[in-house]
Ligand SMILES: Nc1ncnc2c1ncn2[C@@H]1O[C@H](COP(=O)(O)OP(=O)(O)OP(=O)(O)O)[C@@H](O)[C@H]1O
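In the form predicted on its own, a lone chain appears below as structure tokens.
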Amino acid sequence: MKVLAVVSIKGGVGKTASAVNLAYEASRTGARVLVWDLDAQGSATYLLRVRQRLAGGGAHGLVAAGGELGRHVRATTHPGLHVLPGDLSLRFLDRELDAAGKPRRRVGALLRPLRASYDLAVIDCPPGASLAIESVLRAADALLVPVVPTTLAMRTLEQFEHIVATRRRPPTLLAHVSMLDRRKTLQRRTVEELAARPGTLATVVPNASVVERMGPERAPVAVFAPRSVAAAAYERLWQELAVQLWP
């Protein structure tokens, strides 16, 4: 099983949209996919029509589950796509990880018993640079950072690159342009700057109203708007990622 974490220090950059749509695209190829929603908002859980509730003890039960992490996993209506749901108890996740001991190894240890059941785990991370994120960094094979082409988002990408670079065995760090508004000159220039950086994927996801419709539709874009530009972008983005994960 490969582990892909969708991460960013900055919020509002399209992490959940990327995680959900990429997981769905992977499942369409026949891969067995698990989405682990680590955000207390539970947005990925909601979009995939899964109940926003962890079984037995919330974040405490999740961290203490050991080899029983699978009891929290729920099927979606999409073949091959499962969800480990997020709920509000995850706001205490750092505290639970710290209390459990060896917190930076915990996410990897929790995933280990599920490795034979899935080809890909996509972790939708909360914004920030927390203890939970440190644990995810240790467990992940690759990190995907969605970047809105603005000055502040570029700055947070640089900050995250610094965090990853300090690790002894850093995972592959990739970035992709998210929520691009081609009408804005500054954004177009920033895309050119991003494209010149190592690890930036070529596919650009537009700032499209169809992506916002994921909320009321509660589905990946390709389910309700398969011919849209955004659906095509997520499909291409997955194809690029697959080459990085399985070279």
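A residue's number is simply how far along the shown sequence it sits, counting from 1. Remember, it's a predicted structure, so these values are computed and weren't measured experimentally.
Beyond the structure shown, there is the form predicted together with this ligand, which is absent from this document and is the topic of what follows.
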Answer option from Leu34, Ala59, Val50, Val205, heavy atom within 4.5 Å of this ligand in the predicted bound form: Val205
Using the partner position in the predicted bound form, report whether Thr29 sits within 4.5 Å of this ligand, counting heavy atoms only. no
Is there a non-hydrogen atom of Gly11 within 4.5 angstroms of a non-hydrogen atom of this ligand in the predicted bound form? yes
Partner proximity in the predicted bound form: Glu193 to this ligand, non-hydrogen atom cutoff 4.5 Å: no
Can you check whether Pro127 is within 4.5 Å of this ligand in the predicted bound form, heavy atom basis? yes
Per contact check vs this ligand in the predicted bound form (non-hydrogen atom within 4.5 angstroms), the hit among 182 to 190, 195 to 203, 51 to 59, 35 to 43 is 35 to 43
In the predicted bound form: members of 99 to 113 within 4.5 Å of this ligand, any heavy atom: none
